[in-house]
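Shown below, as structure tokens, is a lone chain in the form predicted alone; questions about how it binds or moves come after it.
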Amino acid sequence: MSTQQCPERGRIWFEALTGSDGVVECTPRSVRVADAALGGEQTRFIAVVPDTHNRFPRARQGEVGLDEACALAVHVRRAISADRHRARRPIVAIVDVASQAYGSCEELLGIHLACAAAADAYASARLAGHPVIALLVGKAMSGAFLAHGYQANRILALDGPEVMVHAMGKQAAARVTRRSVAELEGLGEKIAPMAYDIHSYARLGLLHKLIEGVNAEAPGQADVERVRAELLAAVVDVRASTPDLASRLASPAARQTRAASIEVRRRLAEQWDAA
């Protein structure tokens, strides 16, 4: 398997899991949406994919821009509204996003508000009883991941060097910290939150499942069925628990790697309740 990032991973897995191209009328082609069966019930699948003809040049390589963030919010909230008086369908965010779109147009028109609307929609779906699952198949970077995937009840990821999670890209992080990329990678080997690889992210306790042995770039039928089974298991797990994100602090990995954070939260809650 190539160690280079495949720019079409989100599209590949979206089509493999839904059997549809997900193009929806009045929605930018960079956002794909389809309802497809998962374990016998309809599930909403959503992905952000590259679009070289995107009207915003900064959002042509799979970034979450103004149009993308607003479309994510719209399609998640439509599911909430449609299921208000019936069983809440699962929502699966297929994640391969390079970053939020950086540009003067995006800043002037409120990229922060658009991404916040998407994050709020996913959180609202989760709290309304929709099992929200994020499936990381490529990059999950910066504000794009916050807007598309991070509010999920459970985060699953394919195991591979191309699956990365971080607050910013390596080159940008190097400029901000005035270090070389090699120096950053060295720090990542010692400090888990500084690393980009999915194994380091798993050590933080934020990952529900790392799916190994799957061909991420050219999945066969067995690969797709394996991922379907893991998604379904995650949905079942969500429905047997609370709709909050407490599971991210309860895992053995979190208790070991994030012990100080957990203790700070405990003390804050203790003081808040005593006030």
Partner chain sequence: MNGAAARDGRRFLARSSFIEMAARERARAMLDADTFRELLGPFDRIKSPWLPLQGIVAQADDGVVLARGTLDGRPALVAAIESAYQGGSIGEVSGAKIAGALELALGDCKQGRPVLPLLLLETGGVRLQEANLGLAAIAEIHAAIIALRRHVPVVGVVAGTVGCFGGMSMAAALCSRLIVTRQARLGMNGPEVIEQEAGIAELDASDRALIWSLIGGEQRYAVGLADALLEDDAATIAAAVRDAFAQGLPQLERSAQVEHLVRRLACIDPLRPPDANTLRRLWGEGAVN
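These numbers come from a predicted model, not from an experiment. Positions refer to the first chain, counted from 1.
Keep in mind the form predicted together with the partner chain is missing from the figure; the text below concerns it.
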Would the partner chain be touched by all three of C115, V176 and L204 in the model of the complex, meaning a heavy atom each within 4.5 Å? yes
Wondering, does D159 line up within 4.5 Å of the partner chain in the model of the complex on heavy atoms? no
Does L108 reach the partner chain in the model of the complex, with heavy atoms at most 4.5 Å apart? yes
Test of understanding: in the model of the complex, would A73 fall inside 4.5 Å of the partner chain by heavy atoms? yes
With a cut-off of 4.5 Å between heavy atoms, is D120 one of the residues that contacts the partner chain in the model of the complex? yes
Within 4.5 Å of the partner chain in the model of the complex, heavy atoms considered, which of R226, R239, R29, R248? R248
